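We begin with a single chain expressed as structure tokens, specifically the form predicted on its own.
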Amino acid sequence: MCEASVYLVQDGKEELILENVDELHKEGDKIKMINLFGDQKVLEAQIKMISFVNNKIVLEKAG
């Protein structure tokens, strides 16, 4: 399995947003995440970093 945990950088710290994410969609200036269990989150953000080795996606606020 290759699910990832998604974090958002806030005040210089990474805050966990959603675990077991298997889909990530860019919708305009928003990122939609869907995990294995069907949980969804949508954030106005952009991708800062993806680590396939660590199964980690880091987002930062758009703008």
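Residue positions are given as counts along the sequence shown, with the first one as 1. Keep in mind the model is a prediction, meaning the values are calculated, not measured.
Although it is not shown, the form predicted together with a further copy of the same chain is what the next lines describe.
Would you please decide whether Val21 lies within 4.5 angstroms of a further copy of the same chain in the predicted complex, comparing each non-hydrogen atom pair?
Taking the distances in the predicted complex, the answer for Val21 is yes, it comes within 4.5 Å of a further copy of the same chain.
Would Lys41 sit within 4.5 Å of a further copy of the same chain in the predicted complex, counting heavy atoms only?
Result no; Lys41 lies far from a further copy of the same chain in the predicted complex.
Flag Asn55 as yes or no: does it have a non-hydrogen atom within 4.5 angstroms of any non-hydrogen atom of a further copy of the same chain in the predicted complex?
Yes - in the predicted complex, heavy atoms of Asn55 and a further copy of the same chain come within 4.5 Å of each other.
Classify Val9 as contacting or not contacting a further copy of the same chain in the predicted complex by the rule of any non-hydrogen atom within 4.5 angstroms, answering yes or no.
So Val9 does not count as contacting a further copy of the same chain.
Taking a further copy of the same chain as it sits in the predicted complex, which residues of 39-61 have a non-hydrogen atom within 4.5 Å of it? Please list them.
Going through 39-61 in order - heavy atoms within 4.5 Å of a further copy of the same chain in the predicted complex - the hits are Gln46, Ile47, Lys48, Met49, Ile50, Ser51, Phe52, Val53, Asn55, Ile57, Glu60.
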